[in-house]
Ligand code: SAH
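The data below hold one chain only, encoded as structure tokens and taken in the form predicted alone.
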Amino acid sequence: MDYRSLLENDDPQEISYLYEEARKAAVSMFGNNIYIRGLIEVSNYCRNNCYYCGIRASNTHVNRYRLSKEQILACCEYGYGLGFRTFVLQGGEDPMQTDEWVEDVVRSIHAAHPGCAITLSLGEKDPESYKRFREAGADRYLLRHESFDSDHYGRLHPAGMSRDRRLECLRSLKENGYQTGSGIMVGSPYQTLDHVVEDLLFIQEFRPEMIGIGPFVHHHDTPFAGFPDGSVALTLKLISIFRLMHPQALIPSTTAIATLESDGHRKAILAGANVVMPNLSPASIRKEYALYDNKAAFATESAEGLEELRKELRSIGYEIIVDRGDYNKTQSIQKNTIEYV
């Protein structure tokens, strides 16, 4: 397939056809079911200085916080009552959250909610750390590769971080039995369509269980403050391509899409996405986990807005399902019919 020509194609009818085929592929695997994941942002401390990230170590304007185990468990308890059956612990690479601490938190969540899935998104770790978290009960791990092109990766990150190290971590996650998620920022600074094609080919070969892609959104306190935000249109096109490439994948409609466009979730679902991740973090700290400017964290982006999200998805023929939504269980899920809109 000529991915570059497909990415360059701006014919409305052909793009509409691409979305329709992606929706059909998603429905053939999942019915009209949309999975929800409860996002808990556990810390905005980070040892890294990624040039695009608002919680980078050198940003002195961030009000730093880290949640306690008790706070995280309270978030899970609240989310469980709302119907969440997957909890996503996301944070910066916080040196104070040691392997022992992560293990303890994972074991505690698993003990309190044994039927739920636990997803971690805590950055690059040593293989032994990934092994320990997996043995403690973590099921999934999200780690975007950001860019398969090593030169481009180097323009997004400071010295000491490398594309090769990121790929080693992804391989280690697979080897330790995680359902593994990877992906990119669409429209990140210095990104070309050739870079995106390389990313497509990497995803095609690596076959992650989860594919997370969203548009780049700038943050005013980073070296990339003056760069334009990424294209939602290109992001939606990539969601469709990834869905057709990998029909069983769990593909979220990201917060970044919803940040740039108020109807971003609807558009992403209609392009083939099948996961939404409402925010379960304490409301008082959500604005402090500012990876980029104006991040959506309330209304349909929040646990409190779950009913509003449910109505929004029903308006386009989809239903939120109370289920872990494991990658390897998609074939057994009851599929409902859907009328395309």
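Each residue number is its position in the shown sequence, starting from 1. As the structure is a prediction and not an experimental result, all values here were calculated from the model.
Beyond the structure shown, there is the form predicted in complex with this ligand, which is absent from this document and is the topic of what follows.
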Among 198-206, 80-88, 111-119, 139-147, mark the stretch whose residues have heavy atoms within 4.5 Å of this ligand in the predicted bound form. 139-147
Contact check in the predicted bound form: Y52, G92 and P215 versus this ligand, with a cutoff of 4.5 Å between any heavy atoms. Do all three pass? yes
Hey, in the predicted bound form, is R166 touching this ligand, heavy atoms inside 4.5 Å? yes
With a 4.5 Å heavy atom cut-off, would you call Y35 a contact of this ligand in the predicted bound form? no
Contact with this ligand in the predicted bound form for L291, defined as at least one heavy atom pair within 4.5 Å: yes or no? yes
With a cut-off of 4.5 Å between heavy atoms, is M185 one of the residues that contacts this ligand in the predicted bound form? yes
So which bits of 22-46 sit within 4.5 Å of this ligand in the predicted bound form, heavy atoms only? none
